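As a starting point, one isolated chain is supplied in structure tokens, in the form predicted alone.
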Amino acid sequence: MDFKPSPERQILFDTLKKYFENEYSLSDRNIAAHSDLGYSKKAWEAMRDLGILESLIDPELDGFGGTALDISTVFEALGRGLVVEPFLEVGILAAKVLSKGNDVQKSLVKKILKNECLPILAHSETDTEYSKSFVETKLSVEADGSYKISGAKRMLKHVTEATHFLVTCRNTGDASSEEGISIACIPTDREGIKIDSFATIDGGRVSDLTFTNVSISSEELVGELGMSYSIVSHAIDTGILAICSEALGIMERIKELTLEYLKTRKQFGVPIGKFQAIQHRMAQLLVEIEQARSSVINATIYFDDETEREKTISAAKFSIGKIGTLVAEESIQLHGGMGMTWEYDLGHYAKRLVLIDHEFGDEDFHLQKYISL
């Protein structure tokens, strides 16, 4: 079987790679990542013009992609650039949820492409243990047929400029039940929403949201009342595929940086890459990175197969978590103290790679899930 990308996807990847190399400097990225916004509006608008969002969204919603192969291609390129702009949160998580909604909610996806709205999925909570079905935020039914939401969401990215929150909540069942989960599409200026933001170790900002008796109407529910777990599950699985592909791009960039360093850093008058012990360690890294790529390719191939998707996604996330940590640690050791300096690219890539392991379930969680499946 030929695992090479199609000519169109290869052109897209090469275009994005060249753009990030020439127009998206790591110094500017770091300044934007540590700003109050957490990313650069200027870079966000410039990258949108490249068609990145369109390539993540289905044609019926005015995109021209949306398949697992499209998503994997784009996010590997985003990983190489160490991009902090909200393509995952908006182009994947929010767009996938809204695509299952009513006509008004689907129209928000089209507005995303026009830069007229920025919706964010608000799902993660305290003590979830990475479960996709863990929701404690309450949805209560009022006497007039309207609803009120009360609860808290944790560690959400890119909330500052959001126009809508897609809030998971439940009206029935215990906190971990797949039954009883609903999604509400709420404008961010709705009364009763409190936002607290703070910085993260890998750059960018996250926020905690508190909802206190926030009123919504039945038309603001995405999908049927209490029957939206499958929508959330599919969106998160798509997000996992995206960050696994992002991790591949990061690993490839780390590999390039490390190989270049081993060729130029001299000790005893010769490049340190000439030493056999160093060669063995680098060769092992290259093998592990290819193993990670194979797992992501496998997840991409089976993504549309409902019986195989969760299993292959968990296998890929486990591999990415385990191998990503190894790549980060080994590359820094091969660089010595140079690898941890703020001015050098490697440390920033390594931090992001390690943090990916803790998004949507770490390697231990996905190993146990794979065993159970």
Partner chain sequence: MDLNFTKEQENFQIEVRSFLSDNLEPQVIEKVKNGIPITKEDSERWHQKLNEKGWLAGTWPKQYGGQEWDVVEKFIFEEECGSAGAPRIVPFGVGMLAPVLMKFGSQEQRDYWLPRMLTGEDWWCQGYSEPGSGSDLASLKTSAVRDGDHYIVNGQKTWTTFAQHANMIFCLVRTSNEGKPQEGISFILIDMNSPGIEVRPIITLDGSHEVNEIFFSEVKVPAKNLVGEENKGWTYAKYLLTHERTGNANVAVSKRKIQKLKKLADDANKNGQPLSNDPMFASRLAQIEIDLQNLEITNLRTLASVENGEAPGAESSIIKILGSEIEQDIDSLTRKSLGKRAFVNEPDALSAGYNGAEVFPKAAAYASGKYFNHRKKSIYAGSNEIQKNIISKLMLNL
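Numbering follows the first chain given and starts at 1. Nothing here was measured: the structure is a model prediction, and the numbers come from that model.
Missing here is the form predicted in complex with its partner chain; even so, the following discussion is about that form.
- Shown here without its partner, the chain carries Phe13, Glu54 and Glu288, none of which come within 4.5 Å of its partner chain in the predicted complex through any heavy atom.
- Contact check for Thr212: every heavy atom lies farther than 4.5 Å from its partner chain in the predicted complex.
- Contact check for Met340: a non-hydrogen atom falls within 4.5 Å of its partner chain in the predicted complex.
- Using a 4.5 Å cutoff between non-hydrogen atoms, Ser197 counts as a contact of its partner chain in the predicted complex.
- In the predicted complex, its partner chain sits beyond 4.5 Å of every heavy atom of Ser27.
- Stretch 125 to 133 is the answer when you ask which of 79 to 87, 103 to 111, 246 to 254, 125 to 133 has residues with heavy atoms within 4.5 Å of its partner chain in the predicted complex.
- Out of the listed residues Thr264, Thr172, Ser217, Gln267, Gln267 is the one that sits within 4.5 Å of its partner chain in the predicted complex by at least one heavy atom.
- Of all the residues from 350 to 373, those having a non-hydrogen atom no more than 4.5 Å from its partner chain in the predicted complex are Ala350, Lys351, Arg352, Val354, Leu355, Asp357, His358, Glu359, Asp362, Glu363, Asp364, Phe365, Leu367, Gln368.
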